[in-house]
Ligand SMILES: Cc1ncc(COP(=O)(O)O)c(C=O)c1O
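So this first bit is one chain, no partners, the form predicted alone, shown in structure tokens.
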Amino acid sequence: MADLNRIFKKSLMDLTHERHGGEIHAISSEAHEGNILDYSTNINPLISTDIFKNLLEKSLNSILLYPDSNSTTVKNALVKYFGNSLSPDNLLIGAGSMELIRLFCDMFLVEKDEVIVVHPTFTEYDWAIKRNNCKVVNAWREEKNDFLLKSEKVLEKVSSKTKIIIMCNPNNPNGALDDSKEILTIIETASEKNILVFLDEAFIEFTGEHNSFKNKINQYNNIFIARSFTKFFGLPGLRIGFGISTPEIIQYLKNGQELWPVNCIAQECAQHVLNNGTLIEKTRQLIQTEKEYLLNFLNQYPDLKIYPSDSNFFLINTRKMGITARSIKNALLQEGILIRDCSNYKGLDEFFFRISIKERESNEKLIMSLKNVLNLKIKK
């Protein structure tokens, strides 16, 4: 028998992925007859398979061919979506923003480089860094500041070994847009020190395109912006996302990408949602209305801390109530609702959970179930 311990890379033996939302596959469908409301993922509730039925039928012939390795029609649709403010050379299409995170780290990091990650945030940044045998340097969003970005907290972590700074805006899990001046201060300082900035804008569509930093790529050549078709456009199962940067960075990353990174069906569906202006406007209206509806309910509990959010989800702290996120999650599961226990985020503890925003009927069910759980705790 081969000695696998001598074959495996020792530096990768302990590499693991953190727990995420969307655990619906791991939950017994028999217990809930498959009718689980998933509030653990932050996905547009207006997207349904009905939108794609005719498109998929027409696209069946494309599965007999290799997909376009450059995703040309998706790039053209994005150029149109952005009002011709970008060119196809500014765009890289990938198998979800997760592939872009991995690719970016693989292509730029050299062993022992340092990467500053601003926590609490998406946990997979750390994975992509560690798989390159590089060091994660933690910078912190502080709870006393509602987890908003402070540039000095990031820049104090810069050293001669810093290669990349990773930030998310709006940030996950708190959902708030950061002050653009704070982000620009980091970008400008990083540029002076030849440090790259990876800016994850997976939720930016919920806030409006005017909040994106995509228009800064011609001013600063050290920025790469990751975008997603998962959240606002509701295509998590197809794995498609895109990056925005200078043509030099885009081509460099493209050279290290797999030859056919995105399948043909994903390309077809991405174009379809980008061209659906009615859906885009309805989504923004729904999220605004239902955010107010949920917030009005949550504010009835003064011991709940709800952090400001510009996205389609809320981060909630139950410390003053003395009830853990796991307890709330388990209680809601009994009523067929799944929420995101955020205790595994760096910088958070067992009292943090996150809920997304859905359509009114689902939100009414969530409110009724949450009311039962929270009122029971108060009575105790």
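Numbering starts at 1 and runs along the sequence shown. Keep in mind the model is a prediction, meaning the values are calculated, not measured.
What comes next is about the form predicted in complex with the ligand, which is not displayed.
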Just one of 70-78, 122-130, 299-307, 208-216 has heavy atoms within 4.5 Å of the ligand in the predicted complex; which? 122-130
Of the residues Q267, S245, S228, T283, which one places a heavy atom within 4.5 Å of the ligand in the predicted complex? S228
Heavy atom within 4.5 Å of the ligand in the predicted complex: which of V273, L109, V117, C168 fits that? Just give me the one. C168
Site check P88, L92 and K254: each within 4.5 Å of the ligand in the predicted complex by heavy atom: no
For F203, is any heavy atom within 4.5 Å of the ligand in the predicted complex, or not? yes
Answer for G175 alone: is it within 4.5 Å of the ligand in the predicted complex, judged on heavy atom distances? no
So in the predicted complex, is the ligand close enough to G96 to count as touching (4.5 Å, heavy atoms)? yes
Although the partner isn't part of this model, could you tell me whether R239 comes within 4.5 Å of the ligand in the predicted complex, counting any heavy atom of the residue? yes
Given a 4.5 Å distance limit between heavy atoms, list every residue of 336-372 close to the ligand in the predicted complex, or none if there are none. none
